[in-house]
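The chain below stands alone and is given in structure tokens; this is the form predicted alone.
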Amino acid sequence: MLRYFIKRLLFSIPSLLVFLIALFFLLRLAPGGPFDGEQVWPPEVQANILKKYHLDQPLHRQLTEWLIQLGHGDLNESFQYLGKPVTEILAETFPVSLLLGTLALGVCISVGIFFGGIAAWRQGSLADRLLLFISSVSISLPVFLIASVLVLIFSLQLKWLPPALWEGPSSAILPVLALSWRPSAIVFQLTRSTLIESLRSDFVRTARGKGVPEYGIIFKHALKNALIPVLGALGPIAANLVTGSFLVELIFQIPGMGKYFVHAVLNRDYPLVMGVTLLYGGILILTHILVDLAYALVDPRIRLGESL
């Protein structure tokens, strides 16, 4: 598995690099610049600013210099937060986003698989129809609406939880719920559909014929086989959750990467946008590789490395 992991990681680096180069040019071709604003700078001041950050050079020279600095682990300084390196910003904000995303991922997996198993077990019952309705509505709701409703109910009406900020364990409950709500519904529907199909398999009928209890058939035999398609969806879901939802962090004023990324895009902070995108792309690649490894653990029939 280690050999497979290293090969996949090395093969993924060129794809990530091509994406970053494309993003580099798109950012600079977009209207506006990092130092365009209401304040009008004298021409000589504007020229000195552009020279300091090498924005007066041709794009190919800017790209070459950025790639050389990237090879040395330097992501430059932020344009918006002057004098602060991008690596320092990421080091301060990523742990918060990682904690928030990890908690949300745990809720997403446990809730989605548990209720998906119950719905498949009681297919066609009132509980199954109710859970299907809730999940269908949840998938269609945008995250900012879910977050707003949670704040309205649990903070403003019931006054049980703080509405924002990141000051203790209770401050994490609403952001985690808002972040995991829609992914939980996706995992629920995938688990339910694949588990229903798995329960119609021959090995399930054989287990029932041997007198294995129904809960044992579902959670010890059929569910393991049904989790393979669910694992495929967990790759991008995990990457999105672990890197932090930009809207959730912005709504709840959480000092994670999301808030900085939104401000960086709005203010054309090229180094910070590139740094966050690099980190996000790396985590996305890593989660996909880990999902492939999980495939082999769940299903021994899958052999890793055959296509590499």
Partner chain sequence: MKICGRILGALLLFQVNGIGLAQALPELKNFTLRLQGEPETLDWNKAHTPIENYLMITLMEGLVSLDSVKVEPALAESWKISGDRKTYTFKIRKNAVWSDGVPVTAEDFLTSWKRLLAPETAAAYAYFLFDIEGAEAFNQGKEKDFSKVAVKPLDSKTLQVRLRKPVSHWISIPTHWVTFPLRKDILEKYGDQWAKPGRMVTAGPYLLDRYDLNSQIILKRNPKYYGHQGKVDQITALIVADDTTALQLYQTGKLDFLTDFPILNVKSLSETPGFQIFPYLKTVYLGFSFSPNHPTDAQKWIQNPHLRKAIAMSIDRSKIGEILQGKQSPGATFVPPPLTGSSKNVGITYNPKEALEEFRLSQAPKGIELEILILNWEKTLTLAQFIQSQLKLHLGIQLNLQPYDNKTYRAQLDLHRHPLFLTSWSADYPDPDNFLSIFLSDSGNNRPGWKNSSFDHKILQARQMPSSSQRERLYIEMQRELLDKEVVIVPLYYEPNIALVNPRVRGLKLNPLNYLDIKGVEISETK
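Computed from a predicted model, the values in this text were never measured in an experiment. Residue numbers count along the first chain shown, from 1.
There is another form of the same protein, the form predicted together with its partner chain; it is not shown, and what comes next is about it.
Proximity of residue 61 to its partner chain in the predicted complex, heavy atoms at 4.5 Å
Output for residue 61 is no: heavy atoms all beyond 4.5 Å of its partner chain.
Looking at the partner-bound form in the predicted complex, is residue 184 within 4.5 Å of its partner chain by any heavy atom?
Although its partner chain is absent here, residue 184 would stay clear of it in the predicted complex, with no heavy atoms inside 4.5 Å.
Evaluate residue 122 for contact with its partner chain in the predicted complex, applying a 4.5 angstroms cut-off between non-hydrogen atoms, and reply yes or no.
Although its partner chain is absent here, residue 122 would stay clear of it in the predicted complex, with no heavy atoms inside 4.5 Å.
Using 4.5 Å between non-hydrogen atoms, is residue 36 touching its partner chain in the predicted complex?
So residue 36 counts as contacting its partner chain.
Is every one of 88, 168 and 266 within 4.5 Å of its partner chain in the predicted complex, counting heavy atoms?
Checking in the predicted complex: 88, 168 and 266 are all within 4.5 Å of its partner chain.
Between the options 227, 98, 204, 107, which residue brings a heavy atom to within 4.5 Å of its partner chain in the predicted complex?
Only one listed residue qualifies here, and that residue is 98.
Of the listed stretches (210-218, 67-75, 111-119, 169-177), which one has a non-hydrogen atom within 4.5 Å of its partner chain in the predicted complex?
So the stretch in question is 169-177.
Could you list which residues of 60-83 come within 4.5 Å of its partner chain in the predicted complex, counting heavy atoms only?
Stretch hits, in order: 77, 80, 81, 82, 83.
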